[in-house]
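This document opens with one chain alone, in structure tokens, the form predicted alone.
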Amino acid sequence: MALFLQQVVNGLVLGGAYVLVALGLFLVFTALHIPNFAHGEMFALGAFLQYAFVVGLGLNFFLSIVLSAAGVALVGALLEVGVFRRLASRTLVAVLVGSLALSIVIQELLVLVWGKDVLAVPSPISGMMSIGAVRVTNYRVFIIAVVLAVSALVGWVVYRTNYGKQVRALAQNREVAELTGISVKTLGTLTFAFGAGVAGIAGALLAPTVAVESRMGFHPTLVGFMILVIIGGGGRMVAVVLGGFGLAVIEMMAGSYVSDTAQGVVVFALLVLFLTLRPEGAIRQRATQKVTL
């Protein structure tokens, strides 16, 4: 039982990366209908910037998270204007291939700037707490709390602000949104920056718990797309959050009770099984509804 609870806690920490990466993907995909496979590199860039600010420049760790997120958001906005805005007018295949190519380009740029060696970022919070038989570091508790707070903030922005209202209108119908006076291009840039910034927070926040290297964003991105596929077109943000934590816990359980190799295999085998049984996703989209955000 102690091992089970310990893996649940470990899964919640790992799920933090999945949740924040998936939230950015969810925003961009549902609002702009762009499957951005380079989104994971925003997660990696956040971690590298955190390393540069904390280790390279000696800045405060928490201030560095803000700076890293802002830097990644800026890169996301530039990518939308320079790359994805042009790709969006092409076929879906062109978007997929273009975003995959961009992913590789960013990875190589990260290697060019920071090298191939794995980097480490020191944790700003030391100590460990015990909850019954479960032991967890204070920083991991901090990660879970921040992920929940950021998720709630993203939900508030999308469902309670004028910006969110415009994003939901864009997700429903782009043409109607334009007719109502919404600047779709500006909104697209802001949404890309917002999604990238959230991924940047994830990378910076989790940098002390992972090996910082150029390909670290691949797996969270794959899981993020898996969450989008599972919840289906009618999914909402709360399903993204629950899906991220849930898949991470399943991964940790598979790694603990089966084998390290099974850690990734079990999750994706479940995806194949799920799609076979329910290809429309967990939440069925109503016929009259194009996309629900």
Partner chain sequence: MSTPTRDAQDDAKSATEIQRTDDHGARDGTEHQRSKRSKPWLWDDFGIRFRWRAAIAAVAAVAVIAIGSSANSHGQYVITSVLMWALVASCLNLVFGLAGQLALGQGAFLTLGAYIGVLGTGRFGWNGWLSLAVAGLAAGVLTWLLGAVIFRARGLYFALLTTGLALVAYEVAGVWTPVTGGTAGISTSGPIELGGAAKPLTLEPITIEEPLDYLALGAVLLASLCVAVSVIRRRKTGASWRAIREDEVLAASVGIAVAREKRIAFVAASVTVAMVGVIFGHWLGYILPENFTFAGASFGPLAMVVIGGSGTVVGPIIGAMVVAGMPEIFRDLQELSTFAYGAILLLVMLVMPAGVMGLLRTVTNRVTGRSRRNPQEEE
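All values derive from a computational prediction rather than experimental measurement. Positions refer to the first chain, counted from 1.
If you look for the form predicted together with the partner chain, you will not find it shown, but the lines that follow are about it.
Undergrad: Here the chain is shown alone; which of F26, F48, F37, F245 has a heavy atom within 4.5 Å of the partner chain in the model of the complex?
TA: By the 4.5 Å criterion, the partner-contacting residue is F37.
Undergrad: Answer with one of A211, L153, L109, L74: the residue that has a non-hydrogen atom within 4.5 Å of the partner chain in the model of the complex.
TA: Looking at A211, L153, L109, L74 one by one, just L109 meets the 4.5 Å heavy-atom criterion.
Undergrad: Sort through 59-67, 249-257, 40-48, 222-230 and report the only stretch with a non-hydrogen atom within 4.5 Å of the partner chain in the model of the complex.
TA: Within 4.5 Å of the partner lies stretch 222-230.
Undergrad: Indicate whether L12 is a 4.5 Å heavy atom neighbour of the partner chain in the model of the complex.
TA: Looking in the model of the complex, residue contacts with the partner chain do not include L12, since no heavy atom lies within 4.5 Å.
Undergrad: Mark K165 yes when one of its heavy atoms lies within 4.5 Å of a heavy atom of the partner chain in the model of the complex, and no otherwise.
TA: No, K165 is distant from the partner.
Undergrad: Does the partner chain come within 4.5 Å of any heavy atom of V83 in the model of the complex?
TA: Flag for V83 set to yes.
Undergrad: My question is simply whether K185 lines the interface with the partner chain in the model of the complex - judged by any non-hydrogen atom within 4.5 Å.
TA: Close contact is absent here: in the model of the complex, K185 is far from the partner chain, nothing within 4.5 Å, heavy atoms only.
Undergrad: Taking only heavy atoms into account, state which residues of 87-102 are within 4.5 Å of the partner chain in the model of the complex, ordered by sequence.
TA: L87, R90, L92, V93, A94, L96, V97, G98, L100, A101, L102 sit within 4.5 Å of the partner.
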